[in-house]
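Shown next as structure tokens: one chain only, the form predicted on its own.
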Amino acid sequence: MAGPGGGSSDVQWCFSQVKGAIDDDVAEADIISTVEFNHTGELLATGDKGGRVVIFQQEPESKNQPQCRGEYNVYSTFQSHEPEFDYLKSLEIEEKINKIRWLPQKNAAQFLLSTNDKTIKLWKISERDKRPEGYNLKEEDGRYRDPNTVTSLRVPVFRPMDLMVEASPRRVFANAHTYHINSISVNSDCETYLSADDLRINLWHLEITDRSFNIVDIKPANMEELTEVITAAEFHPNQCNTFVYSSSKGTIRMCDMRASALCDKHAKLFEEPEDPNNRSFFSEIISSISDVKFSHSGRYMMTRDYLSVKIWDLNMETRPVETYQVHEYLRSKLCSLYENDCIFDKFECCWNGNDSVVMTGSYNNFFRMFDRGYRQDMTLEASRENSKPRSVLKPRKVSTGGKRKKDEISVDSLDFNKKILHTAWHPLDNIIAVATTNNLYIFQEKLN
């Protein structure tokens, strides 16, 4: 697999860390619902169904072991969202974190956006390692003094203290979405961001919480005429006027905000004609796009549907330039996947640092990598059985029938309750984070 530096097709991946409890009995609140590296890769944030955000920080590399990259340890944990109740509609609003997006760092503090189904919050994560002492009008325990008792003035001083990481909510963006929010994306102008739900996309300014601009609205006048919903949306990485959104019908629309205030008319429509040979009862469900991601270069975009990953050149709308089958062996199992609701699982995808490799998840705690330059693919497994430090991950193969080889696993023995929906790739290094139910696995390139 080509690394962020490119050129190498034989990256060996090894186990680095696993976070989370080992228990087979998993609490619903502990299930990881989103994973995101910040822009330098030093911080890694996860959100869960219990509304918590956990941030891990990469330790500096050890001078004694230069070949050993720094591990990720807990940096800050905070409750981002609480369960709420919409009394008007008699609906519970889950606290589950749907998405986390980091803002580019401007000063010593870090900022991130987190969202549940209805409310987006801007969090500031800052460090304190000094505390002021020697106030004139305050005791050391915080009680105020009577000014008449002050006989001499002193200059307050800062004293060192144990490092404390504080997470404080700076903005709350609420009451703008009737339907469930599925995406947030920070604009390259670093001043605005978008939020998308099933039928609308809103544009926000990071400083203004009481209003947003509706830039896409696909809600029909009569809801019985509804034929598709918005599944994901993202801003272009360097053109602040351009964004894309994907739909449950397998189309991707690119919009230009310079054209009009309401972007209901798209600038480009990316859609691949359906192969009549593969037409079935499930065609519409499996063509729904669960994730869309621009490449770092801004030249390509990647989409994930149920069975495949597609790479699109932004200059060619008629068909993708690359298509990778993630788990084609499940095509014959769609009926049972429909019955157990797995067919509606929303898998995410991600690019490596130089856009040469893409990664996405599958079932049985498998995840797939596709090397675009060498046209190679690899299936790896996140499991505690391979969790010895620095142990190399062996590629896995799924047998689709006939005689099964020794190292292969039969398609009938795949565990559909074990699934990797959320993955993230370090922006500069070959370090990946993979979420399996309530565990976060971190793998890295084996360094000689």
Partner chain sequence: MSEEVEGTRISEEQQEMEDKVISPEKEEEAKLKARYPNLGAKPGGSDFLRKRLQKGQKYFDSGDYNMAKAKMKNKQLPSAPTEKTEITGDHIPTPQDLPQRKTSIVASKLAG
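Computed from a predicted model, the values in this text were never measured in an experiment. Residue numbers count along the first chain shown, from 1.
Omitted from view is the form predicted in complex with the partner chain, to which the following refers.
With a 4.5 Å cutoff on heavy atoms, residue 148 does not count as touching the partner chain in the predicted bound form; it lies far away. Of the heavy atoms in residue 46, some are within 4.5 Å of the partner chain in the predicted bound form. Among residues of the shown chain, residue 91 is one whose heavy atoms approach the partner chain to within 4.5 Å in the predicted bound form. Put simply, residue 19 is close to the partner chain in the predicted bound form: some heavy atom of it is within 4.5 Å. Against the partner chain in the predicted bound form, the set 226, 277 and 331 is in full contact: each member has a heavy atom within 4.5 Å. In terms of contact with the partner chain in the predicted bound form, the residue from 214, 248, 209, 126 that brings a heavy atom within 4.5 Å is 248. Comment: the partner chain is not present in this chain, but in the predicted bound form one of 268, 138, 319, 346 has a heavy atom within 4.5 Å of it, namely 346. Considering the partner chain in the predicted bound form, the lone stretch of 255 to 263, 356 to 364, 128 to 136, 216 to 224 in range is 216 to 224 [heavy atom distance within 4.5 Å]. Residues of 28 to 42 lying near the partner chain in the predicted bound form, listed in sequence order, are 29, 30, 32, the criterion being any heavy atom within 4.5 Å.
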